[in-house]
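Just so you know, structure 1 and structure 2 below are the same protein chain in two forms, each on its own as structure tokens.
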Structure 1
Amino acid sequence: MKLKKALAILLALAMAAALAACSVEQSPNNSQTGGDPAGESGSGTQQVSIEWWAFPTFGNATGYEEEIIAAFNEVHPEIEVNLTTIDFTSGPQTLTAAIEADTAPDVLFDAPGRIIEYGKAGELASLNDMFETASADMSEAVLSACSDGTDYWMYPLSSAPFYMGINLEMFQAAGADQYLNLEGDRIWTTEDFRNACQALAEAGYVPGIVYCGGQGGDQGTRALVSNLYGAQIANEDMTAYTMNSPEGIQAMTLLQEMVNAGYLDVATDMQAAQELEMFQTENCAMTFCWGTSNAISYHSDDFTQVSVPFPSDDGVPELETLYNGFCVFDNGDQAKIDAAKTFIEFICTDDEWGPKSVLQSGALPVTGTFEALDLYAGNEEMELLSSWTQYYAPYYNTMDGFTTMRTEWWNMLQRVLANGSDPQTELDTYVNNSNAAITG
């Protein structure tokens, strides 16, 4: 009897050990769902899982996000990163819905326009601690784009201007290339732009499409309007929107006349993504939303894609700036917040993967350390874009009321260009409603 009892005890112990082994196998990251109720591995390292949502700044389906996660996990195996890619058309609505449902990601790769709004609304974790030493390596312009003036909400990776793209062969076939300047900084005038569009239209091409179906890529249409006659989107101290100036009215009047004459198309059902697809498939001769990431995502070998600044009446463009960066949502879990910051720091500052990430974004570095590496040595396109930094316009994307202003903008374009409404009346409405969101 004693022997049977001993065998029974040994059998029970063996079964318990087997069950414990199975439990570990089912949780490869040894996370809190595994055999350790405290959420710690045998080495005492806490296991954390974070969600990363990314707009396609690294290009569409390049696989780079998966590469960077794998490289990060070689250094930080204790942090699991789950990736979700979102697009610029439906992504903003998807984010809004997730925030409202308390299912926001831990990390978002985006731009300041949305990120600063999320920070002001109390949705994000402050990144002030990440800037304690990093800020010395960044310009005031970069630092300003990452902050609301009180807290830092975005950690930057790279920057670049926004500009236009043209189909060189279409311009040449229509004789519109005579109005292009492909030397030096490639500056061209408002008159050049109008004449080129007329020549393209008369040759049977769709010159360009003023898209106004939503906020996607709206910086392109604002840059077009503001540059034509030197209108300012906001005042100098960034306290009010000002596009209903005589220069803004003149620009909207010109665009309305060009649409009426057939020298430009207007599309109330398009955002930038659809306009870029039209450009990529040679269904229009130019895009108003060209930039470093879009030049990657919408590249075509079927024609020559040429970058040009926005046309201006005085030959001195003011270009809007793209800043790529990361924010951390405050989902009430400090371990996830810390893990998210560690992940962001790796992507942006690691000696090997930091420069790789800048290059993959197709934009320019934002730190003096990486600028000194001369990442784009011998790249004529990037040397051109670097020369355009002298034309950067004041950065208004962190202003109060920015979200409202964007909605008011594309609705104003619809009323003026599609419905034929009076430019001054509609610009007044746009400015009044946008400024009301600041004071309200």
Structure 2
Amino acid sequence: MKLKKALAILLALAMAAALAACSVEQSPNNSQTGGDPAGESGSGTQQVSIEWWAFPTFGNATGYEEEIIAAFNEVHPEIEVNLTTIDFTSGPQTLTAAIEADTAPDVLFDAPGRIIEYGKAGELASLNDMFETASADMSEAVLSACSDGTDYWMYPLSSAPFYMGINLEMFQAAGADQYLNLEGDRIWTTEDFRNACQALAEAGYVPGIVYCGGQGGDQGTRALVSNLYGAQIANEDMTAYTMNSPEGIQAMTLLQEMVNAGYLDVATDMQAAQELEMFQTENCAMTFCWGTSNAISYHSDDFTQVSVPFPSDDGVPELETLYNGFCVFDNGDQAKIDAAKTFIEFICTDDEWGPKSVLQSGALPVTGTFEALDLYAGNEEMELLSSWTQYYAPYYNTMDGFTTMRTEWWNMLQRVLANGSDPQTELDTYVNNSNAAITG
């Protein structure tokens, strides 16, 4: 009997320990850096601990985040920063789950699409105070990308355009390089694009793949469609989606004809990542999702990768923009909010670490102060991209209904390009469903 009692006690202890273990918060890829977690410095300053979740905008496992936390802690030892890296595949779901479970991080490094959505939903702390002085150093376009029109929710670090990449050797072998313009801003027209695709297809190459298997990199296909005949994705005051305009229908009709003629491929089972792999492995002659980070991730020494803007009928492209920036979640603790803002300010504006962070993100600065530093002096590619900032398109990623619009987009492409449905009917459906999400 004594043995049974001892066993029972042992079991109870084991279960209690298991329960206690369950209550300990654990996150994958979580690392604690800097600060004075135990508050043992004896300085008398109140210790604050904040959670920083970061997508790999500074690169995968580069150690840059840890470096900058260490540098920050030299100036602010009273603020402990716990870093968690998340990826673009599962990160958004992890964030959503964390927000709903009231375990959102204090700082998030992301882009306006999600951040403004969180801000509108009341999950974020307003950053209006940070913009009181900073706004004078930023363009209107940058400022509008950080705001929902009422409050500022994102503090920007850097920006870059999205554009196309081509395989120069394939173009040359197919005689399609005659349609390219590699001078100046490398502007080319819709007719050039169509002729180049035809030449490539007739030479036996896969010219390009219109990927529509999901929302990954969908900005690339939207930019392609909108540029061909100057269709606007949204109206001027960003209150409605407008891609079912005559220009949009004309563009989708052209793409449908090109797909039917074999001048372009459509892949309903690919997203941008797979299309970029096809480009990198020389299985297609162009990519519609080229950008500063993809140019690094999908670099190849086996052929010449040339950046070109999207083709347009009037020779004036409108390029989608990537903004990298930070937001602060309102977790109900003003001390944490203030600490988070201090940390963001250090990353984005510190004389030494601000420019370093811009360079690490591989994008262009968003403030006049850092632009004046000419961070990419001597880098022809970045100077070219810098000249393309004049072609930045109106930024619609902060619009209401943005997430619904994205889902509707790739499904519309599938119906028109893979199923052969009528472009006007499907664009009407896409626009109506997207606008319905705006009105709720």
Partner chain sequence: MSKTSMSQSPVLRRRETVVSYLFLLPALFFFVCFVVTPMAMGVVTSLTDSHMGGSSFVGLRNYVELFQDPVFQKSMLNTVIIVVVSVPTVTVFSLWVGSAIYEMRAAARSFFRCVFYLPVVTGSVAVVVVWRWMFHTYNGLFNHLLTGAGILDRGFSFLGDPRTALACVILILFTTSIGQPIVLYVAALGNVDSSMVEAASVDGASRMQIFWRIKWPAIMPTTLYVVVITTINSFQCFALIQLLTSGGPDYATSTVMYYLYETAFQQYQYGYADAMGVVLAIVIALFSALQFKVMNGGTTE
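Rigid core (definition): largest C-alpha set, two forms, superposition within 1.5 Å. Source: prediction; values computed, not measured. All residue numbers here follow the sequence of structure 1, with the first residue given the number 1.
Looking at both structures, it is structure 2 that matches the form predicted together with the partner chain. Taking 2 Å as the criterion, Glu275 does not count as shifted between structures 1 and 2: its C-alpha moves by less than this amount when the rigid core is aligned.
Taking the rigid core as fixed, one finds a CA shift for Ile296 smaller than 2 Å between structures 1 and 2. With the core held fixed between structures 1 and 2, Pro77 has its Cα displaced by at least 2 Å. Superposed on the rigid core, the forms differ at Gly91: its CA is offset by 4.5 Å between structures 1 and 2.
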